[in-house]
Structures are given as structure tokens and as C-alpha cells.
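The data below hold one chain only, encoded as C-alpha cells and taken in the form predicted alone.
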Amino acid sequence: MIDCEIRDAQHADLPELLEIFNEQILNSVYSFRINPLTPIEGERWYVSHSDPRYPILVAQPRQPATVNRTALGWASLSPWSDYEAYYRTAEVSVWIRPEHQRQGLGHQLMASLIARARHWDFRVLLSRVEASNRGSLSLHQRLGFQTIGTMHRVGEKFGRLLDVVMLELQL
């Protein structure tokens, strides 16, 4: 397990956050985006998380001299829907650099997000996970998320039809 600090993202982190996400967009089916976020789109995304109810958290190594990057991964809470009745429901996202996956960072980030969600009195956290992403599904289940269904063949990327598992955590 990497010794890391979980902290709120700062604007200076944005290039690394985009690098982590864009790598997954370009090289995996775990993000259903096809095109990487441009710096302008990334700026809009970052600004959309200025409400403290919807933080972006960063996993940063405590010993930066041993790792040449500041952000090893990140996680965020986002509104589930713009409709007012969903005010106490949020969606969870978590992205870890491939070389740092399966080292406890996702668990630390998600646990911090869950604590934040409780602080802001969210009632339900939702997550969409591509069905072949066993690591993410296992992480969610270890944190108490329950599978609520599978949406079949809703995505298509790299010539593959993709299923999405929906998960929820009742807070």
C-alpha cells in the first residue's frame, strides 16, 4: 500500500487529473468517453466541482521524492441529476494511474468521498461501472455498495458492446 495523503484538488492539479482520466479514455473501456478532454473541457469540469458538496479529491504520495508525480489518482462526487428531487443523491467517480492500481488508493479515495457525502447529508451514492472492471466492482462492494442492476449493451468502444453495472450505497 502506498503511503498517501488524500486532499482536495487544487487548480494546479488539473493537468495531472486530466492526464489520469485521458489515459483511461484512450486506453480502456472503463470510461465511455471516446475523445480525451481538452484543457478547456477540463477547466469547465473543474469549475463544475466548485460547490463543496461535489469535491474532487487527490491521492498524493507523502514522500514525493520517491514518486515523480503529485497525483496518483483522484475521485469526485457529482450531481446525479439536475432535477431538484435528486438533491441528496450523488455519483461517485474514481480514477487511479494504472501503475498504482490495486495498492489501496481507490479504497482510500472512496472512503474519503463517502465521509464527505455523509458530512453533506447525502442519502444515496450511485456508481456506474463497466461490467468487466472486476477491480472497481470489488472495491465498491468492499465499501458497502450494492448492485442494483445491469444495463446491457449500452456502450460501444473499441468495437466492443459494453454493459454497465449500477451500484448504490445507502448512507
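Source: prediction; values computed, not measured. From 1 onward, residues are counted along the sequence shown.
Note that the form predicted in complex with a small molecule isn't included here; everything after this is about it.
Quick check for you: of 136 to 144, 111 to 119, 34 to 42, 51 to 59, which stretch puts a non-hydrogen atom within 4.5 Å of the small molecule in the predicted bound form? Only one stretch passes the 4.5 Å heavy-atom test: 136 to 144.
Does residue 90 reach the small molecule in the predicted bound form, with heavy atoms at most 4.5 Å apart? No, residue 90 stays farther than 4.5 Å from the small molecule in the predicted bound form.
Although the small molecule is absent from this view, report whether residue 24 comes within 4.5 Å of it in the predicted bound form, heavy atoms only. Taking the distances in the predicted bound form, the answer for residue 24 is yes, it comes within 4.5 Å of the small molecule.
4.5 angstroms heavy atom contact with the small molecule in the predicted bound form for residue 78: Residue 78: no, not in contact with the small molecule in the predicted bound form.
In the predicted bound form, residue 105 touching the small molecule (heavy atom, 4.5 Å): Result yes; residue 105 sits at the interface with the small molecule in the predicted bound form.
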